[in-house]
Structures are given as structure tokens and as C-alpha cells.
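Single chain ahead, by itself, as C-alpha cells, in the form predicted on its own.
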Amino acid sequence: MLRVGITGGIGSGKTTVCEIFNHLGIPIFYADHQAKKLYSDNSELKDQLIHYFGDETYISSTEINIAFFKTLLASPEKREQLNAIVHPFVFKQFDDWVSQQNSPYVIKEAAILFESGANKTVHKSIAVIAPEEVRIERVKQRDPHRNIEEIQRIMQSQLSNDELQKRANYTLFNDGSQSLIEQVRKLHQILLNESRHF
């Protein structure tokens, strides 16, 4: 089965793109959401996190310490270590999920598809691109508690639009200049043709 990854910076519109694909009958695996579930549900992952980062990783038996996790993510070294522990569990979850699907192709949505190595778990990749000022406005509307400095800091930690376009097989432009639905429909037809080879 053809596996397709979707990625893009914060506020680019990955979720909207996934919703359009889903309306076209394509199942979506949300990697970030699955990782959060694994933090609570997977005892092996929990044991590894406590072993590497200490007891303050969890507030209770199933609830992670969000404030502590933010400090881990703020440190490039610790973030890399955290990702090295968590991502193999997410990759395994994705494999299990794919085996249960019955469609021409499936989509994996991941904010850090290339940074995490998750691009190696898919055959094709899509970058969702939008100008920085558009993305900032979207995030401010969606998350009013975030200030512009925090949004820009997140953006700086992610791959640039140029870098995403270089790495991805396909690009969707979500800047309002062209219909996103039509772009997705056209790409859907391309991916249906691609899926015949898998």
C-alpha cells in the first residue's frame, strides 16, 4: 500500500489538507496525536522516559508533566533524545495501523516528518506551504494564548518553506491565491495512479 507523508510548519494548514483528503476517502494517521496517546497508554515507553528523564516526567500513572516536557523540548539535546525514544514507538504504531487499512493509499500527518526520520516510513511526501505572516495570523486566531515571539520561536525550530519544498515530492500552496481543494483533488488523482505500483 502506498504510504504518503504530509508535513508543514505551524499554521501552514496541514490539518485542513488532511480533512480534504479524508473527505475523499483516504485514512489519516496523526503522528503527534498518536504520540500523545502512547505517552499515556504504553507502559514500555513510560518506563523508558522515566529511566532517561526521571520521575518528574509524569504527574500520575497516565498523565505526563507538560511543563517538564516543555523544558525538554526547549533543549536541542534533550529534544533529540526524547524523539529518539518516542519515534520508534510511533513508527510501530503506524505500521500496525496501515496493516488494518483498506484504501488505495494512506496518509501520515507529522509536523516533523523529515526531522524525525518519519519520511523513511512513507513512499511519498507532501509539504503544505504558506507565507510566514499568514501562518502567524492563523496561529494567533487558533491559539490566542500564544504570543508572536513564541510562534516565531516554534517556526525557527522547524524547517523553512524552501527546505520543505526541496525535500518533499509534492507541494500544496495554502496562501489563498489558489483553491486548496482543487490542489488536493489533483494530487489525489496523481496518488491514486501512483498507488497502482504499490
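As the structure is a prediction and not an experimental result, all values here were calculated from the model. Residue numbers run from 1 along the displayed sequence.
Keep in mind the form predicted together with a small molecule is missing from the figure; the text below concerns it.
Looking at residue 46, you'd find every heavy atom of it more than 4.5 angstroms from the small molecule in the predicted bound form. In the predicted bound form, the small molecule lies within 4.5 Å of some heavy atom of residue 10.
Using a 4.5 Å cutoff between non-hydrogen atoms, residue 15 counts as a contact of the small molecule in the predicted bound form. The small molecule is not drawn, but in the predicted bound form it has a heavy atom within 4.5 Å of residue 142.
For the candidate spot formed by 34, 79 and 115, no residue has a non-hydrogen atom within 4.5 angstroms of the small molecule in the predicted bound form. Picking from 48 to 56, 134 to 142, 160 to 168, 63 to 71 the stretch near the small molecule in the predicted bound form, with a 4.5 Å limit on heavy atoms, gives 134 to 142.
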